[in-house]
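Just one chain follows, in the form predicted on its own, and it is written as structure tokens.
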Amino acid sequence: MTLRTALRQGTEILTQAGVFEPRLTAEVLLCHALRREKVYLYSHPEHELSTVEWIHYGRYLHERMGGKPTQYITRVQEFYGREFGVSPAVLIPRPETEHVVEEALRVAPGARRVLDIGTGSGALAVTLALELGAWAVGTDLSFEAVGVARRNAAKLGARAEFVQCDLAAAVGGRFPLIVSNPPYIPAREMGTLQHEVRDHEPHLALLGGEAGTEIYERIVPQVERLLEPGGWLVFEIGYQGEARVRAAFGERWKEVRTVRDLAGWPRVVLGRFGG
């Protein structure tokens, strides 16, 4: 079977299965099976798949038809222009989370120490360490997630270390910048998530309690012992949590504000610690 035929058949199979963007998905999975870049598909359309390549491609198509996210098949996801390794132990980094990076860089461009609470793949910690030339610490309750984050930092050359603990319980010292993208899906909405998310991504990184804001309310008091006076806390939030997250910032906080994403939804809440 040639690449041209494999790509056409894969697209048809994924289309019939109702997979979003079937052509693009088939391209990504075929490239992964061949261990080649996308340009090879179109510069060598008559390339005949080996038996091993066809077996891998067929398995990847079958997994995607069953709802497994493409990123968990290829084990990579791009974030802020860099390729991060992912596994089912971590949430797949979303483009929306790049708003956290942008706001952090805007309010704390000189930060040389960064804390990322609930780091997952390490996307925020590693990105900010590299963009700021900083040293970053990331925490996560999941031992497996900490392993993924450590591998990403090593692969991308970031000065970062990662600690397994509940939120910031095992962290000391002072930071000028703390970021977090904690779980924020309310319990009542878990059943409404796309099945690719609900059935494959870790619930530990999704479920934010009954209201979806309980973890934010736990983070803010911990952060108050870790932030330098004048330091910034930058949260990613869910669309339904803005009011309660803002309320979690008490009287010791200044310049608390909300940033909306490109779709107009509340996406980031940030504040400066008064000390």
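A residue's number is simply how far along the shown sequence it sits, counting from 1. If you're wondering where the values come from, they're calculated on a predicted model, not measured in any experiment.
Beyond what is shown, the protein has a form predicted together with a small molecule; the following relates to that form.
Not one of 11, 31 and 49 comes within 4.5 Å of the small molecule in the model of the complex, counting any heavy atom.
Out of the listed residues 141, 76, 193, 105, 141 is the one that sits within 4.5 Å of the small molecule in the model of the complex by at least one heavy atom. Distance criterion of 4.5 Å from any heavy atom to the small molecule in the model of the complex singles out 165 from the list 165, 197, 187, 154. Contact check for residue 97: a non-hydrogen atom falls within 4.5 Å of the small molecule in the model of the complex.
Proximity of residue 215 to the small molecule in the model of the complex falls within the 4.5 Å heavy atom cutoff. Proximity of residue 124 to the small molecule in the model of the complex falls within the 4.5 Å heavy atom cutoff.
Contact between residue 183 and the small molecule in the model of the complex is found at the 4.5 Å heavy atom cutoff. Segments offered: 107-115, 85-93, 68-76, 170-178. Contacting the small molecule in the model of the complex at heavy atom distances within 4.5 Å is 85-93.
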